[in-house]
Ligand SMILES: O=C(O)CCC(=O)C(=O)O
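Just one chain follows, in the form predicted on its own, and it is written as structure tokens.
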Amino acid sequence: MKVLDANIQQLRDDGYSVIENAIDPELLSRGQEAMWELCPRPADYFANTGAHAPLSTSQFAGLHRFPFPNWDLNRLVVNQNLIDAAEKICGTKDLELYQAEFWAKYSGAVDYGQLHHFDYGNHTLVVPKRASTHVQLAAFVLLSDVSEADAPTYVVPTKSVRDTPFVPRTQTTRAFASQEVAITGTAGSVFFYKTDTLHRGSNFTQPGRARFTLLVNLQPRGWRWTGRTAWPREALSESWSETMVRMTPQQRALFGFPAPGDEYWDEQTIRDVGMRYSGMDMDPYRQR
């Protein structure tokens, strides 16, 4: 993924940027096939919506938390192009991946419309500091084409709301409707925005449409009042173990796994972690 200076500047000025064709086509295709383990194909859903009634209970009913049952979808979360872009945007290689989800939406299933809001509410204990270089970055990996008919996210450029307080977090009026921009793109594109960017979800405007995305949140490691997921709560699942084994040391470190050279590693921990995660290559952790 080639992150241009223009993308970084747009993130600083407007709070968002879209990078087209960010995911390798083969990896994208395999991830798209893997997502049907989590949700119905559009043709199946629209052929019998009653069979998928739970998807109509809430606009968030199509959300699934990482790790997923299939490595082909999991590896898109830690795709090297995505990580390289986040490192450049955040200005550091010491990143924390603090949330990842898959989201399926179907036209007519439920009201997906939202008011303009900031995402920081469940990402930090306080509020964003506009003068800080610490970036809480959200990445939407588009797994399907998103046009203005496909319930796109609408964002309000930061320069339009720079003097607006972060409280209330949700804007109860449509005061910024004239400034908002629809985020569209082809499958394989990545939409980046910051958690202090005003935005909203929208509804489909045509029947028979569906939208599929991966949501990945990253930030520089270090601020103890920010985050969202305690990954050890997932560590007993079979999907987590398989995913950890398949990842590289760099990818594992995104979740807080001790990096090679960390003082955590000694003969005992190398032996026992290797037993816990059968098949994991422990050689990188033997190097001091």
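Here the structure is a predicted model, which is why all the values come from computation and not from measurement. In case it trips you up, residue 1 is the first one in the sequence shown, and so on.
Although not depicted, the form predicted in complex with this ligand is the subject of the following passage.
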Do T153 and this ligand come within 4.5 Å of each other in the predicted complex, heavy atoms counted?
yes
Is there a heavy atom of F60 no more than 4.5 Å from a heavy atom of this ligand in the predicted complex?
yes
Evaluate Q99 for contact with this ligand in the predicted complex, applying a 4.5 angstroms cut-off between non-hydrogen atoms, and reply yes or no.
no
Give a yes/no on whether G201 approaches this ligand to within 4.5 Å in the predicted complex, heavy atoms considered.
yes
Okay, which stretch from 78 to 86, 127 to 135, 91 to 99, 110 to 118 lines this ligand in the predicted complex, with non-hydrogen atoms inside 4.5 Å?
110 to 118
Work out which of W103, W71, F166, F176 lies within 4.5 Å of this ligand in the predicted complex, going by heavy atoms.
W103
Residue by residue through 209 to 234, tell me which have a non-hydrogen atom within 4.5 angstroms of this ligand in the predicted complex.
R211
